[in-house]
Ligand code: TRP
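Read the single chain below, which is given as structure tokens and is the form predicted alone.
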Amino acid sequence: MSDKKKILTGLQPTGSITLGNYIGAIKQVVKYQEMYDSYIFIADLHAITIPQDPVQLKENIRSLLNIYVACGIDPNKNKIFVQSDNEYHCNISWLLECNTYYGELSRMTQFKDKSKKNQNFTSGLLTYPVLMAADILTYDVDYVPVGGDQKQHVELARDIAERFNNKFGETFKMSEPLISKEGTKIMDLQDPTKKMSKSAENKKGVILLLDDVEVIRKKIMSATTDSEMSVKYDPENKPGISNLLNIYISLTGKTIEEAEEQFAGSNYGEFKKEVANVVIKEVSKIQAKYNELVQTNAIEEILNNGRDYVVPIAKQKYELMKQKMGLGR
């Protein structure tokens, strides 16, 4: 039995992963797997609070998992599973819903924002924070890494857990939010005042991890810079060069000072060429591992092992809740 603290990370099964996602978030998850007893799941049940194309959703689930493993998420150091493979998440969520108040859910920031934008929303948009609470509370995890905008969900899970514990006796651990210190924020190559996003209209500013390497090279070589021809870190006055420096140091482990010294006297073309070489070297390793995973279908065994590990844990928690609530025979 591991004496490490438990951590749980849920991943939305969206489409392609950018270089910004890799540097800013995935490398953080890789670091966590060395520090904690780590549970990682694909939150496909959460994804369907808004309409999804079934074929595309299934493809996204597999692609995302393959990319994460290719990026260094070790199946031997994480319990990796698909949320909908464990039906007890929904069972536990229903029991928790019956101990959650409408007022709590209607006050959730994301519900208020999204329901204003779309009058014809499903009830899942209102109740999904309880499913999120079930994800967290099922495994008695110590920490849930979240951004500042997601902290409210962990706080709700704690409120629900405390209420259930008070009504029915000690059942859940009070998990704590671990506010993720996001890694270096990578900006759009064409508009370095905006964060790199796969939804950007101009795709030339976005590097996808599965982009052809020569496409990546062209995108970096055409990145927006300035007229000074001086490789210096100055996000306010030189956002394009500063962004390329961030990419370079994030993938080489060098400091800003070391990189500035290395490129002192270099023109922007030489600098961009070196940044492109570093990115392509990193991405090529990820793509090679990704293609290997796809060809061998290794993800099936990983997901089966993860499911077989977590289902008995969730079943035990569900049965305990049923017994405490007087359900069943």
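Since we're looking at a predicted model, the values are computed, not measured. Throughout, we count residues from 1 along the sequence that is shown.
Although it is not shown, the form predicted in complex with the named molecule is what the next lines describe.
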- prompt: Heavy atom within 4.5 Å of the named molecule in the predicted bound form: which of His46, Arg62, Lys27, Lys289?
  reply: His46
- line: Checking Phe164, Tyr248, Phe81, Tyr128 against the named molecule in the predicted bound form, the residue with a non-hydrogen atom inside 4.5 angstroms turns out to be Tyr128
task: Work out which of the listed stretches, 135 to 143, 171 to 179, 227 to 235, 211 to 219, brings a heavy atom within 4.5 angstroms of the named molecule in the predicted bound form.
output: 135 to 143
Gln190 within 4.5 Å of the named molecule in the predicted bound form, heavy atoms: no
Any non-hydrogen atom of Gln316 within 4.5 angstroms of the named molecule in the predicted bound form: no
message: Please determine whether Gln12 contacts the named molecule in the predicted bound form, using a 4.5 Å cut-off between heavy atoms.
response: yes
task: Answer with yes or no whether Tyr36 is in contact with the named molecule in the predicted bound form, where contact means some heavy atom within 4.5 Å.
output: no
- line: Across 221 to 259, the residues having a non-hydrogen atom within 4.5 Å of the named molecule in the predicted bound form turn out to be none
